[in-house]
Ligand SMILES: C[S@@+](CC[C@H](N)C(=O)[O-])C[C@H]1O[C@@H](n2cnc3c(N)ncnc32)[C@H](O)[C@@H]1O
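Take a look at this single chain, the form predicted alone, given in structure tokens.
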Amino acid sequence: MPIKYISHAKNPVEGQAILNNITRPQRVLRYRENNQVFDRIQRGMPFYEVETQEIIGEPSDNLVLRGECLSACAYLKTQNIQVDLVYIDPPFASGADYAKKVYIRKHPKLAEKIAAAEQTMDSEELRSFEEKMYGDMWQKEDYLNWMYENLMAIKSVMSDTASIYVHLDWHIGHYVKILMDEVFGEGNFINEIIWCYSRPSINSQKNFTKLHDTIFWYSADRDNFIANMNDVRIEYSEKTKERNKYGSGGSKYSGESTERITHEDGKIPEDYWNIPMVVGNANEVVGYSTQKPEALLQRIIKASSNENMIIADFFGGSGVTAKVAHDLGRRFIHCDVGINSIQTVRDRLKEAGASFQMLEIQDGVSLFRNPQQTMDKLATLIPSLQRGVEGIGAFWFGSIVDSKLGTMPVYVPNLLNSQEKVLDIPQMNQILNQELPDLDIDVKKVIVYYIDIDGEQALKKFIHNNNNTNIEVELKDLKNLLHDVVIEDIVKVKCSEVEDGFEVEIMEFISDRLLQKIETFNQKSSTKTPIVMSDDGLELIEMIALDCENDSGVWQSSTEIKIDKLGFVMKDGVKTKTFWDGKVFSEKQVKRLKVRNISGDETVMMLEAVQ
């Protein structure tokens, strides 16, 4: 359970347009028991313990935080941290699955041969497979409830002069606009920004090509917000320059109008921005499927913040917000629930020379790389679970068929939806009075998994007193199922004292999780060349870090190398044209070793002192 719940404090603006088809989970929910009406306690944001994982660079209040938006905002409130600008690029309710391409690295021995022959690695030779990062599939009402809760949480940590930019597209943006009117107030709406980009059209399509996203800009207070329009002026077109080069005498404009049009620093941008979708600089590309260009964030951050202000992104993704904030002399807070996001931004910021703390919210759930992968994995972890069984609705995750009890529907909370994390009486009331009676098949028992439970004994008493069916309800803790599943990779190393320091050589790397994925890929890709691994498995390593300071607790990288998909080494954030040789050098005695595989799983192990 959370340590406590933190109040949002700032309520929606009264008298604004509202959507009537969502429940707004912060408001009081009523239910009946024995003909008496009870109110669900207005919870607020769940606050969990937060653990420091790593400190990069000098001591800093910049944060990279793994956790959900709600929990992150609860933590910020307990620390009395207010943010001056928020940009979020949340899921779009697009109905799409987003995948990361995972590249097999070149084996160190093969890399040595390539280097000796002065050859380069052809991109066509790269072997890869895809791994799902998250599924952007929502029922509309569920998405809007979730978004409302997040917007309320974000509003509670914004300063009085702050702005928020919410980046969406045609799938759900028009609904979220109404939510933002309700949460922030119609009067605090500043701009609807249309971000235009380009990509090839399809000759056979029967619609105009969709080539823009929408960004809604709201302020906390329309009468007192930051708007540095002079900092984002753009150069005039050649036609405009030609038209106005003679000043007021050579133009149809005169007086004040001419002076405004011919500002020496260019014009203030319109509310439609032509910024290429393709990242303009090769150094920007980080292999993240929903990555946005730095130029887009540069304009937003310059326009709505000043140096040393705090810029926050609670769905941080590729880390573009934090990276640009750092480049522009701002402080940053990057938050995301996916480990791939956290690792991507960690490496990106380190390469940029930023200092920051890496924190993790201890919510009791052992996720895989992200909630979507965990949800997918659960289907294989629950013994004998079957999906898509007729006669049970979409509320149920699946069902188990037992020789004595028959079909047993199974409920699993959606890890992508924070509203479902706590099993309480109102949730159980829905199960007893709506979901059980709606079952179209004969059922003797259902299984209800939970992450957190609000008063287990009281909940069981409620089930006993209010279950008007003959169906038994069994409660099970989902954490017990997850905690025993994550199997660490196996790393075999050799430590040696060499001239001027110490050398750690990776002798063997075994990752059952990755080998299973590669085997699955090979089985499904019969028409392609199968991925064949070496006996020592060194191709599965992406990063190696050495901690010479701490043998436990907060990690501190004394030195580290990262191997890119071409096999080249980045040493301590600096790119090189050197291939990895299977070894890492340290000037100091090494206490701990961390190895990250190509999918992002990290294994930390103690190293025995070299005698």
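The numbering used is simple: start at 1 and walk along the sequence shown. Computed from a predicted model, the values in this text were never measured in an experiment.
FYI, the form predicted together with the ligand isn't displayed, but the following is about it.
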Seminar exercise, completed: Given 386-394, 332-340, 175-183, 461-469, the stretch touching the ligand in the model of the complex at heavy atoms within 4.5 Å is 332-340
For this session: Using heavy atoms only and a 4.5 Å cut-off, determine which of 165, 315, 143, 509 is in contact with the ligand in the model of the complex.
Result: 315
Seminar exercise, completed: Partner-free chain; cross-checking the ligand in the model of the complex, the single residue of 357, 161, 290, 429 with a heavy atom within 4.5 Å is 290
Exercise. Should the three residues 69, 90 and 320 be counted as contacting the ligand in the model of the complex, with contact defined as a heavy atom within 4.5 Å for each?
Worked result: yes
For this session: Output the sequence-ordered list of residues from 150-179 with at least one heavy atom within 4.5 Å of the ligand in the model of the complex.
Result: none
